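Take a look at this one chain, the form predicted alone, written out in structure tokens.
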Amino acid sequence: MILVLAKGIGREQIESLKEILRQEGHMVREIGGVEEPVLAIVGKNYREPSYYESLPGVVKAVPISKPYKLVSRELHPDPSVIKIGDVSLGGDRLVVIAGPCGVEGRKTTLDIARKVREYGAVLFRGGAFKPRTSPYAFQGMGEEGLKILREVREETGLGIVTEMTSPGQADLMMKYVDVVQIGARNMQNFELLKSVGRIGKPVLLKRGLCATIEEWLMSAEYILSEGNDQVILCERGIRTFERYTRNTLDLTAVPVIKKLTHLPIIVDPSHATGIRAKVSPMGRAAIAAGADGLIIEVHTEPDKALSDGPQSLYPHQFEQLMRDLYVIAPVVGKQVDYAYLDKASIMKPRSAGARPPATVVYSGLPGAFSHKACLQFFGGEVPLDNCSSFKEVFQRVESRQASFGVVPVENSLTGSVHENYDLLLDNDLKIAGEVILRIKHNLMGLSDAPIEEIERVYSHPQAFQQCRDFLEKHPDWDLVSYKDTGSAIQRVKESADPREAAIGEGAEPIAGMTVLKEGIESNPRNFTRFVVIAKDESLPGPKNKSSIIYSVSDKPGALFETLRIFSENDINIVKIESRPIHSRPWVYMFYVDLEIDLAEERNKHIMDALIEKTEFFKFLGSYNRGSQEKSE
């Protein structure tokens, strides 16, 4: 049952109401992220909705129709994000769990961990207890295996995911692991589910071999009913009549789960296919379907593996899969972050009395594209603050009121954001990183607004340019420029005028709005590049891209002399663009992006040569362009 409370109800009255409900045997949850205060109640002894509506402060009582209550999106409309140490599963960054099927020995396990960590995994899988079909097969190393997994975490920083097969292992799970896995064979072992619910650690719940989606969600309900809402669902294939693969991977479960429940879902293509060559294609397909992550079996010597060798990827195959996911992820609004763990370590205080966590600033309202770029680059745990303009972002980073700023610099359809290029020239800041965001524009309006009656549309000028083909079909609409897409959507919501609409990404951050027309950008290959700016902060990871600004003398061949330096040193120019110098008409600066770390000592001669051949030179910084390749 969902209880909608009166607007303006006080905290004391809410707590009094919760106490009444608990005395009647209900489990009570307060739901956030909605405009009106909402309580969700679960219990065996429900009364009629009219009874609950008679309680002080309750405006409306809505029964939950699904047999699973705590798991349902009816109770929890916003998607849940599960926190595992520095890793957040269910957010804007993909989470890839990788490692061997079973822990077989210290050296092999550590070797695998170092490789998967290098290639982008953020959690490590490995079974210490192995339920096997045959009683004679390798059953795992038990606590000795858990000790090895603990050593993996200490050396690499990877959180540990391992399977629990008996309630008697609860104390060992509490001592050694970060995520408790419930395997497919134990999905309906209800005493085991209750046990992991009481442990309180995040739980990875695999779908049973022959389980329906509803049965799977009811198993999750057992865990949540014990007070543990940190559940991750894992689709790993179901048993069908097909024998060419080990199981049949049900990728339709991903969008179905996303609609039915707030819990995040990952996919296990290793157990689903059982064939090494099929794992990567199904992993790519799972992310395209909307999964929040993958769990992949990787082994340095699969032929010698004591379990599941034929489905384990070699490290180089896992590396290529991660590179593929880096390309696919932005299409579905996600990112692969190779510096995830390293970044997290410098973005938080290391000890009591240390400096506060680094603050990141952006321009626009929460929900705007710049805000989403911050979330995809830094995650949701870093303090974020919005500014009224790009100039304010630069000012706050320049004055050290913020550690980092995130600003857009170019769009694949409409070109450069010239204001920010000029601000890079005028301020003493460096580029510390970049993130590429797919820009998908929707026409947003009030929930009851017919598109035929729209008269005015609000958005950022660049959004109008990116949607010009759609807008040309409605020449009678007045286009009103706004500073960002989030503010435009907020403006339409506050006006409550069905004749007004806005162009933006979506309605999730702002209740009461709906998508009138989805995907109205002129070209679906619409991406914006954002850069992370900093005063003197740096970010970990390899640096494989540099940005510079320079001007040359007004004589024939001057620009060619600088380009010759790049050619002779085999440096790829990613971008070159000229911008006029405001105080000197018809004199230009060149903004150049290069595939090299110019700050490296061995490349100092290149920097010196450029300074010698230019009249003005400014080094904007070296950073990771997002791919996994390292500078040679």
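Predicted, not measured: the structure shown is a model, and the values here were computed from it. From 1 onward, residues are counted along the sequence shown.
There is also a form predicted together with a small molecule; it is not shown, and the following applies to it.
S.K.: So in the model of the complex, does any heavy atom of residue 276 sit within 4.5 Å of the small molecule?
M.R.: Output for residue 276 is no: heavy atoms all beyond 4.5 Å of the small molecule.
S.K.: Is residue 484 close enough to the small molecule in the model of the complex to count, meaning some heavy atom within 4.5 Å?
M.R.: No - in the model of the complex, heavy atoms of residue 484 and the small molecule never come within 4.5 Å of each other.
S.K.: Is there any non-hydrogen atom of residue 185 lying within 4.5 Å of the small molecule in the model of the complex?
M.R.: Yes, residue 185 sits close enough to the small molecule in the model of the complex that at least one of its heavy atoms falls within 4.5 Å.
S.K.: Can any non-hydrogen atom of residue 299 be found within 4.5 angstroms of the small molecule in the model of the complex?
M.R.: So residue 299 does not count as contacting the small molecule.
S.K.: Which one of these stretches, 122-130, 432-440, 406-414, 217-225, sits within 4.5 Å of the small molecule in the model of the complex when only heavy atoms are counted?
M.R.: Flagged stretch: 122-130.
S.K.: At 4.5 Å by heavy atoms, is each residue in 163, 206 and 271 next to the small molecule in the model of the complex?
M.R.: Per the other structure, all of 163, 206 and 271 touch the small molecule.
S.K.: If the cut-off is 4.5 angstroms on heavy atoms, which of these, 376, 169, 370, 181, is the one near the small molecule in the model of the complex?
M.R.: It is 181.
S.K.: Using a 4.5 Å cut on heavy atoms, which of 457, 322, 101, 533 is close to the small molecule in the model of the complex?
M.R.: Of the listed residues, the single hit is 101.
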